[in-house]
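Quick setup: one chain, the form predicted on its own, written in structure tokens, and binding and motion questions come after.
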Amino acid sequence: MPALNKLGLLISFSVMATAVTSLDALAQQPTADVVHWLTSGAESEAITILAKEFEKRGGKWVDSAAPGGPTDAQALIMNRIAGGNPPGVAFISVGHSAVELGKEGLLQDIKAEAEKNGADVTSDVMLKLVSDTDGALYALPIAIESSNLAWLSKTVYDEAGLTFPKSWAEFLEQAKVLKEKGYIPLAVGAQGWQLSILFNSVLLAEAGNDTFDAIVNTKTAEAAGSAKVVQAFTTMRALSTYSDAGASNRAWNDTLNLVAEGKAAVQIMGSWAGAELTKMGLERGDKWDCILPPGNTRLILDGAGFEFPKVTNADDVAGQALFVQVMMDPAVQAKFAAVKGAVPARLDADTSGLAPCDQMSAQIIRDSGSFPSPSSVLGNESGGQIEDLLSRFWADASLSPEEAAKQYSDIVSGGQ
């Protein structure tokens, strides 16, 4: 064979081999199609931290944001699973709902991968919420969030000459003054999940630690339907008269803006609100502050995390493994928590960069203890029923506190 032809053949083989190698590498690229609702300023920045780190380690990130919030995101996840096109990764509020889906065969048991990447130094409370009795692990926490924090306008309180109240009864007295002065006493986004956050804070204050503990840990009908729970609904009804006409279906961050702009006195929202205020360029102590809500002595905790629907494509399977490595990295968790407004789920992660309100939360957890949120210990159906109940109760004055407490009791005791 002439030398030129040999050279040409070698070049051809080399080009083919390079092409095959490139196609093979492309076919094996770890891919994460991530469904989430982290679309507000600080939340968007937090999910971007994960996306950049995932891509830095060779992964392909497909962003499937559901801007309507957790309800829309859950619907998107379930519709995609039902349609045979499940996402590889889904952001969730850590809780029993993941165990339900896992037992239905819809989620991967991620235990083995988690144990390779730091499950032993991850919050045991959070891991138990997503583990079944056989030891399978159906989701992983990346951060621990405090859901019962009061975000108050220092401007409003100073101008009204008031100090933050120690009970909801005292707040209702202040609300009259605040309303007369032209302020919105309580900023509320009247969506089911936001009303659930407010109600849990009211319930903890009015029912007390022991009754709240019985509701979330034993789910007894007696505790969930007691006179103390009736009182919590009575307080909620009174609070509903001190919001504003724009509350219906308003996004949580738009509601927070009312506090930031000095139009509303206070909003009860999770620790992520602090990150949003910081993102606005507002530092604690200037125009706003954070504190435990009236009558609350402990924190109600939710976990932010991810679940992993069952996938068969090799890229997606590899993507799930890489995603676990990324989200379990203590340095990544520290950055994510600091930006989102939370505490890292890994107990060995650096917390020195956390915002003051998150440092406060960590101190309260250490000194006073905490509770899991009711929604985290109930399944999807029960949690949704409570949100529907609270939405109806907030909007319909004909639904009495007594009847609401009875319905609440039926849901909680049936959600075991």
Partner chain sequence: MMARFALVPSILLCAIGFYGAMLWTVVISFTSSTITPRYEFAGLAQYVRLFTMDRWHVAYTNMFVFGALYIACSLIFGVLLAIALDQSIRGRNLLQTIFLYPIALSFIVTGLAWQWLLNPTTGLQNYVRGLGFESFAFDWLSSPDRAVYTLVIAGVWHAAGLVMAIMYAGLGSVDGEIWRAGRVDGIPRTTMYRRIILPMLKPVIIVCVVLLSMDVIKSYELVVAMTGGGPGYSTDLPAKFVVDNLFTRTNIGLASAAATLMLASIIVLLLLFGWLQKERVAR
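Positions refer to the first chain, counted from 1. Keep in mind the model is a prediction, meaning the values are calculated, not measured. Whichever C-alpha set is largest while still superposing within 1.5 Å between the two forms counts as the rigid core.
The same protein also exists as the form predicted together with its partner chain; that form is not shown, yet it is the one meant from here on.
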Query raised in the report: Is its partner chain close enough to Asn79, Glu100 and Asp244 in the predicted bound form that each of the three has a heavy atom within 4.5 Å of it?
Result: yes
Report task. Report yes if any heavy atom of Ser376 sits within 4.5 Å of a heavy atom of its partner chain in the predicted bound form; otherwise report no. Result -> no
Requested in this report: Considering only heavy atoms, tell me if Arg392 and its partner chain come within 4.5 Å of each other in the predicted bound form.
Outcome: yes
Requested in this report: Would you please decide whether Asn380 lies within 4.5 angstroms of its partner chain in the predicted bound form, comparing each non-hydrogen atom pair?
Outcome: yes
Query raised in the report: Is there a heavy atom of Asp388 no more than 4.5 Å from a heavy atom of its partner chain in the predicted bound form?
Result: yes
Query raised in the report: its partner chain isn't shown here, but in the predicted bound form which of Ser196, Gln108, Gln74, Ser131 has a heavy atom within 4.5 Å of it?
Result: Gln74
Query raised in the report: Given that its partner chain is left out here, which of Ser248, Thr234, Asn209, Ser226 has a heavy atom within 4.5 Å of it in the predicted bound form?
Result: Ser248
Report summary line: Per contact check vs its partner chain in the predicted bound form (non-hydrogen atom within 4.5 angstroms), the hit among 164 to 172, 131 to 139, 249 to 257, 109 to 117 is 249 to 257
Query raised in the report: Quick one: once the rigid core is lined up, does Ala207 have its C-alpha move by 2 Å or more between the shown form and the other one?
Result: no
Query - C-alpha of Arg80 moved at least 2 Å between the shown form and the other one on rigid core - result: yes
